[in-house]
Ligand SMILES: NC(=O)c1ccc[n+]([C@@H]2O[C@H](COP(=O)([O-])OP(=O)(O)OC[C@H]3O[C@@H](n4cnc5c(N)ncnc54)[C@H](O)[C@@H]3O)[C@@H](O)[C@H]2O)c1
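Let's start with one chain on its own, the form predicted on its own, as structure tokens.
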């Protein structure tokens, strides 16, 4: 079975139903036992004609993540250019991949000031700078791996889809979850008939309280007007998963939610504007910048530290008045809701509910899927299929850490699997080698924009 056929049949594979070569599949059980269910896990080495040459536009965390595929499989991908307005990031990536000085660019626009010298670009710039470099890259004949969210408005999203069709280019949106073995297996469990006809889905994204404080109160995505609404900035993955699972267009959506807690009226008495200015409740505050960054050493990628273990260096960063991550969470210029709920109705009558929650001690998605003959419940790492008639419980519990090729791949293995599929699609110039076309990705984004419209208007909104 070749790669294209594998993807076409992804939703119809039952456990052990496919006989695949060792390069295509890392693990597959012939028949599920009474307590185990398994599905093929595709290998991460891309089937390409030769190394695909890639330019990284935005050398931050996500750009570095996707670029690392070239270190794992240099025969499949080469990083030949980099663009970043931070000299340190630009040169760090340039040095790591031996990029010549003439192909190390500052602003993204400089990439398009020279003749095309690669096959594709990775756009992993901040959310508000996705649209223009993507439109220009397509015009110049590059295929694009585009970090989510696609753009800041519904119109910009549909413009990008139209541009891709106009120039006949491939745009793969970084909906990495659908490429992870966990969600791929759940998709197969649904579409192989294990639970009969799909009726309804309940899905929750627990952000985790400190992640919320870091990213959506203090950090880069705190302002919905400068970036995108949190339903897209954080949860377009989830809308994409729901649309993928159902396999039908969404007809309508209704949503609610608000910014309830991270506001000045909820600040503890005597709390200063910065955590480092002698806050009287710092030792007990769960959102303390000192606790999150200095003591727990979480989310340090934003600081460009010389030594991530040096607490004095971290403390100096968050003590700097110009550093936004040292601010008290109750005195930030944030407007993103800290809880968000929505309900969707799809074309065939299938319903889905989605909840995004900031106040949890953990991250990772929680999903329940209801079918006519069975039920699935998962926690982001493992899921159980319950069969109504037989009373069997079948567990999918594949640990990514046990698959050597997937070690170090974030989002449950989805990061590297996405790059693999993208390279194969670019090499063959065949969009069908991706699990999602640009049109399908834009559709789930439109669901997000309509959900925000519903939340603000407190009305049910149609999705066309």
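Positions refer to the first chain, counted from 1. All values derive from a computational prediction rather than experimental measurement.
In what follows, reference is made to the form predicted in complex with the ligand, a form of this protein that is not presented.
Please tell me whether any heavy atom belonging to residue 127 falls inside 4.5 Å of a heavy atom of the ligand, as the geometry stands in the predicted bound form.
Residue 127: contacts the ligand in the predicted bound form.
Does the 4.5 Å heavy atom contact test between residue 317 and the ligand in the predicted bound form come out positive?
Looking in the predicted bound form, residue contacts with the ligand do not include residue 317, since no heavy atom lies within 4.5 Å.
Can you work out whether residue 330 and the ligand are in contact in the predicted bound form, taking contact to mean some heavy atom pair no more than 4.5 Å apart?
Residue 330 lies outside the contact set for the ligand.
Test of understanding: in the predicted bound form, would residue 230 fall inside 4.5 Å of the ligand by heavy atoms?
Result no; residue 230 lies far from the ligand in the predicted bound form.
Can you work out which of 169, 222, 89, 214 has a heavy atom no more than 4.5 Å from the ligand in the predicted bound form?
If I apply the 4.5 Å criterion carefully, the residue I get is 89.
Heavy atom within 4.5 Å of the ligand in the predicted bound form: which of 383, 73, 108, 346 fits that? Just give me the one.
Contact residue from the list: 108.
Going by heavy atoms within 4.5 Å, which of 391-399, 430-438, 59-67, 43-51 lines up against the ligand in the predicted bound form?
Of the options, only 59-67 has residues within 4.5 Å of the partner.
Using a 4.5 Å cut-off on heavy atoms, what residues in 178-212 are near the ligand in the predicted bound form?
Nothing in the stretch sits within 4.5 Å of the partner.
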